[in-house]
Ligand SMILES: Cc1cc2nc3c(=O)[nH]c(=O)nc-3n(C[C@H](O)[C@H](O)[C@H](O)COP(=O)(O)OP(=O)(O)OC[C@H]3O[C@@H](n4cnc5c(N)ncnc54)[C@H](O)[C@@H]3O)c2cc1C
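So this first bit is one chain, no partners, the form predicted on its own, shown in structure tokens.
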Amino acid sequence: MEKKKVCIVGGGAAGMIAAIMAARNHATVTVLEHNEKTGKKLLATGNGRCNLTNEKQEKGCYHSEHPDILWDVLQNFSFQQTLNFFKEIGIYPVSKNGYFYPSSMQASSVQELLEMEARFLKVKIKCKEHVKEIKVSGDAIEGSRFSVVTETWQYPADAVILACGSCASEIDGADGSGYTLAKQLGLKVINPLPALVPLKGKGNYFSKWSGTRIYGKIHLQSCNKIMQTEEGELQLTDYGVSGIPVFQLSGLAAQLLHNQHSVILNIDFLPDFTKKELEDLLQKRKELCPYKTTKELCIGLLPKKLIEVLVIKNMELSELTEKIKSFPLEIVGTKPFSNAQVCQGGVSLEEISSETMECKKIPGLYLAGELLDADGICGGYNLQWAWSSGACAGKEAALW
């Protein structure tokens, strides 16, 4: 039987696992990547260590306008299947409290081994190829044939997988061109917004606390309601706040701001204390060292840069306690897409079959990865989505 020609647009995480799966299922595979090498964004994941996946897989770890479809896709190539796949190609996955990394702790290992496996399977990888258009012809009922048009060539294909990522990241090529291709093909694209991104605040004091790291709890408030709460190490910056707890609720903040709702982050800088316990502690410190000013009472309890922001002259201890336990920061925006780890939004999951990743409107067209309206919290979830959606798309695209 003649081999099926599969063309994959995008050589990132989803595109490369799709290429491998399609080739393993006897397709002739070509990957078109508009960077000079595959997996450039993958190299930056997990601070260069590549958090492959996470043992804790729950619906609440992912976001989409159609979460049930997203969850169905994840079942097609599970957490355990992901670990087995990487063992097969040479990665030895190790767990750090359920967060899985390559034993080498190098994202480059993952990129190199994905490409090695693909080349062993005779996948053609064409770099510096920017796709401008996907032409569809033939009878859509029996299956479409495609011509993938780049600036220099046209690639004929029996099936096409769009795995060209989003506009998040400062990596070259994260330009959102996949959304343009999807719209040209008549697919619904939900407005992309930054996610896992630092937040910008309103105020004139940020230069004072910039560079401070502190463990804290944050409550995202909007419409007089607490919408989400996170806890962990906060990074106080010259524009507002960053750190994993901020990333985890940044997607919701971006949505609320986009819909023109006010967003307040209430920061608790000492979450281990109740208000009464903290006020009692401050009073005890004052009794022990009556010669100290209010600022000096805070030395050894809070970072000095933060003290400069929190403490004002002649401040009552009750007022200081309130400020430490509930510091209101008005959020006015997110940092741009270039500072975001992922996007929320993208091609609606209604456009695809959750069993095959095939486009319902255009048979033979498949979609995978971050181009779709699916994103996860920090901790390997966005890569798990890439592996699951890409593996499924690759396997199914290879079938006649």
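In this text, all values refer to a predicted model and were calculated from it rather than measured experimentally. For every residue, the number given is its place in the sequence shown, counted from 1.
One more form of this protein should be noted, the form predicted in complex with the ligand, which is absent from this view; the next part is about it.
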item	value
In the model of the complex, segment of 177-185, 210-218, 260-268, 310-318 with a heavy atom within 4.5 Å of the ligand	177-185
4.5 angstroms heavy atom contact with the ligand in the model of the complex for residue 30	no
Contact of residue 45 with the ligand in the model of the complex (heavy atom, 4.5 Å)	yes
Heavy atom of residue 347 within 4.5 Å of the ligand in the model of the complex	no
4.5 Å heavy atom contact, residue 131 to the ligand in the model of the complex	yes
In the model of the complex, the residue from 365, 70, 331, 342 that sits within 4.5 Å of the ligand by heavy atoms	342
Non-hydrogen atom within 4.5 Å of the ligand in the model of the complex for each of 22, 113 and 394	no
Residues within 4.5 Å of the ligand in the model of the complex, restricted to 266-286 and counted by heavy atom	none
